[in-house]
Ligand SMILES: Cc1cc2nc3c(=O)[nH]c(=O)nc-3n(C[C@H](O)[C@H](O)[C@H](O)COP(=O)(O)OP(=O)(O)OC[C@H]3O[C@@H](n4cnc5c(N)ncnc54)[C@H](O)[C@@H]3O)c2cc1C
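Presented as structure tokens, the chain that follows is alone, the form predicted on its own.
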Amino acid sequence: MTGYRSVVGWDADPVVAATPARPKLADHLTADVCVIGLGGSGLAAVGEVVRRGLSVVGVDAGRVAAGAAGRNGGFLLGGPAVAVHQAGVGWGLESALALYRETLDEISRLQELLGPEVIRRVGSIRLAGLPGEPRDEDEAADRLRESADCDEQYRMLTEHGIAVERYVGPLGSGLYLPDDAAMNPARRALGLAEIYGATARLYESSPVTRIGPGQVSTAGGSVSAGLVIVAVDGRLDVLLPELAGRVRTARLQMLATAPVAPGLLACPVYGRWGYEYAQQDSSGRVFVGGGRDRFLEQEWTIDTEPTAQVQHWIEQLAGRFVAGPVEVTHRWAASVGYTPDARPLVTEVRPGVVACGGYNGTGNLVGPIAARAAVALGIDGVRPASYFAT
């Protein structure tokens, strides 16, 4: 894999690279709430506890957003993991639409907190298939099926007052969703940590070794807390074995390229049923991910090392998205959680221990919503909304 670098592409951002590390937990602390995981959902849980005027300690095994929260595609897409018209079949249409509207509100909330430089409300494009002409008959047939599904999604969103437009352009055809947004996910998480860290006590490089009643132990210290929120996605079934079978860890892989002509991708673009995705930053660098379904069995894993087969596939994808050759500069992978019915989990696992996770690849927006629901469940006893599995 020529040009391989083990550094995550998003971390090359000067703001991310210049952010100093937070300390390790090295003492015994007491707080009202302990949050495990400092990605997008964990930081939302911290923020909600702070908003309530309670004390909170947050810990992470690595850096803030060292997992999937800082290694994903940087897409902020409205709706659940599956298209709303599909989710409505299994969950009930009103439930699926309610989550869609919550996610759009979450984009606005993030933009207000972090500003338009970090949260860029540029919309997104869902393609029917992949850019360019179909490479074979199977791809052509799949594109026709997805085009029909785009028609159904357009009808459903229009009928319920959610902004959507037809897209026909250089990339192909599909839908344009104007309310969606893009970001560097590492910058999002580090920015939230800076805001909430003024009140909360946040510790990095502090892997949890034990979660007990009212007590969290790490490699270097411990926290006593009346409520523990476990806000991780990938490896949630490892950290809390009780959830095995309800959530399963998968690997998602990405790469980043050297700059190409700016403006080739004006907004995040995803196609082939959402399995393939790309966005371009202001410098012209392209961030591309996908291929999981083509190597499905090997991608059900807790391993986070990129593989030659998937990386070869997404390197080809990168060329299709920009209609030309690319130079790959970074390759990486991350763990995420999937549930059988695509509903995220918000559940009390043990007395005083509430978990949220299993975002099915949509943790950037669904994760924070789930995290606040987890806090409400743990503190107020409020049952989560029907679009969560409990």
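Counting begins at 1, following the sequence as shown. All values reported here derive from a predicted model rather than from experimental measurement.
Below, we turn to the form predicted in complex with the ligand, even though it does not appear here.
The candidate spot formed by Thr103, Arg343 and Pro384 is out of contact with the ligand in the predicted complex: none of the three has a heavy atom within 4.5 Å.
The stretch among 55-63, 26-34, 346-354, 320-328 whose residues place heavy atoms within 4.5 Å of the ligand in the predicted complex is 55-63. With a 4.5 Å cutoff on heavy atoms, Val46 does not count as touching the ligand in the predicted complex; it lies far away. When the ligand is considered in the predicted complex, Asn184 lies well away from it, no heavy atom lying within 4.5 Å. Although the partner is absent here, Pro207 lies within 4.5 Å of the ligand in the predicted complex, judged by heavy atoms. Although the partner is absent from this view, Gln253 contacts the ligand in the predicted complex, with a non-hydrogen atom inside 4.5 angstroms. Residues from 8-43 that approach the ligand in the predicted complex with a non-hydrogen atom closer than or equal to 4.5 Å are Ile36, Gly37, Leu38, Gly39, Gly40, Ser41, Gly42, in the order they occur in the chain.
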